[in-house]
Each structure stands twice: as C-alpha cells, then as structure tokens.
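Only one chain comes next, encoded as structure tokens, the form predicted on its own.
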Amino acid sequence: MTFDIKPFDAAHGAEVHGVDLSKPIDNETFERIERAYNKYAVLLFRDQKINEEQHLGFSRQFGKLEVHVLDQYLHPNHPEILVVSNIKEGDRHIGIYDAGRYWHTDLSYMKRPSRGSLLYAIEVPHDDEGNPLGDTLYTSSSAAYDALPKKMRKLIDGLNAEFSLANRHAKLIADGDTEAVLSDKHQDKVPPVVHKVVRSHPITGRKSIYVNEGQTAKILGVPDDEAQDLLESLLAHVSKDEFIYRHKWHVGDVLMWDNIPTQHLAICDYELPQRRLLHRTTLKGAEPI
C-alpha cells in the first residue's frame, strides 16, 4: 500500500494519507503506521467509512482493548467501544456527554492507564455557516517537559501525585453539572491511585509531564500550599499554545493518540439540537514507569 505521512505544523501530530481503514492492512503498512504513532503521538486518518468491526479490528492491531469503567456509555453490541455523544434517548445520555471538558489523559486514574485511544467521528456539530464545532485540543506534554527549566525538571522528576476519577466529577459538579454524580459502584471500581508526576515513555524513553487538570487531585511529598502552587504551575505550562495541535472534526475522521506524551481537551461549544457522535476504542496500558 502506497501512502504518505505528513507532520502537522505543531509540536506533535501527523496526517496519514492513502490508507483505507475499512480494508485489511498488511504488516509492512501497519509497522510504518506504528512507527509514526510512536514518533508523532497523534495520527489523523481523514475520510474513513468504517463499521464497528473494522474500527475494532484496526485498533486491536496495536494491542489489547480496554472496556471503559463508565459502563453506562458502552456500545450496546460492542463493549470495547465507548460512545462519546451529547445525544439523549428520553432522559438517558447515550454516551459521555461532557466530552472531556478538562485537560486530561485517558484513564490516568487507573493503576494501569490506557496506552492510547482511537476516536471515529460519525456526527459532527456545525454552526450556522457550516463550520465544525466541538474541536479537540492536544498538547504535547513531552515537549512541555523538555521546555521546563532544568531546575524545575530536577524538582519534579522524583515526585508522585494522586489521581482519581472522583476528582474529575467533583470539578464538574463545582462547575454546575448536576448530572455528574459518580455512583458508589464506580468509586469502588476505581479508587485513587498514585503515579509519578513525570512519566517516561516505555518505547521512546521520552519524559513527559503526566499530571493533568481533570484527574490529578494533588502532588504528594511537598507541603500542601506548595503542592497546589506547583500543580497549577505545571498545568498552566503544559497548556501553552506552543505545545498544542487543535483538531477540527469532520465526519469520517479517525484520530488516534498516545496517552503517555499527550493530554487533550474537548471544546464544548455546541448543544442540542446540534448532535455530536463519536466511537472510541481504548488501548490497554501498563503501569507507568
């Protein structure tokens, strides 16, 4: 298969041209895609027309898939697909409706956070002039780490932080989302965990800032007042424009990202009757090193 990989004009990311994900991918093609994934962290495949089985089949080439802890949003026929949507059936949301309102990396509140995610756009909201809404921002937390002063890198390299799903829901409730109550069942399934503030990539070895706005509760090992200031400083740094790729969604986009050297944020600038529907698969990961 002949195809091209064109890097974005950003700190990370690239678009893959000439690959049809509805068809089988030979080993040579896949190996090149996998190398690009490790190198660029974010890969875009435009104009795809895939069904659930094809989405799952391509995803599984990268490793085992996760069944998301928020099981009320799983695809009814394919539990390894997480539905991301603002659509409602009666009073029930069919998918995760807030769509990643805070900077985060997927499932960092798990003992084994996900390695990566593959998101397929089925319906995309638009404004009255036809411009897509619901952009997603991806920041290179590895480029952000590299840009830190040497003194700051030395300070944070040995620190740990607490991560929790409950922290994300508490932020949503504080911001006025009355539907963001986390059930006792889900809290019991995912108690708080501790990860390093700085995470090393298991393949590239590159370091990145792993604490994030949505799921990091606090930095450990320093006084509380200093810990909060340090966390806020790191969050402000990692979200600087110079590290960010902004993705404008089109129907048929498949966007995959590496959750280790990136963080992302969904822009919620749409509401019903503007519909948004995407399917996500999630690659299982290992304990951070």
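Small disclaimer: the values here were computed from a predicted structure and weren't measured. Position 1 is the first residue in the sequence shown; the rest follow in order.
The same protein has a further form, the form predicted in complex with a small molecule, not shown here; the description that follows concerns it.
Using a 4.5 angstroms limit between non-hydrogen atoms, A266 touches the small molecule in the predicted bound form.
The shortest heavy atom separation between H12 and the small molecule in the predicted bound form exceeds 4.5 Å.
Of the heavy atoms in G100, some are within 4.5 Å of the small molecule in the predicted bound form. Although the partner is absent here, T136 lies within 4.5 Å of the small molecule in the predicted bound form, judged by heavy atoms. Judged against the small molecule in the predicted bound form with a 4.5 angstroms heavy atom cut-off, the residues V84, H104 and R280 are in contact without exception. This chain is displayed without the small molecule, yet in the predicted bound form the stretch 257-265 from 52-60, 219-227, 257-265, 237-245 comes within 4.5 Å of it by heavy atoms. L119 is the sole member of L119, A144, V124, M110 with a non-hydrogen atom lying within 4.5 angstroms of the small molecule in the predicted bound form.
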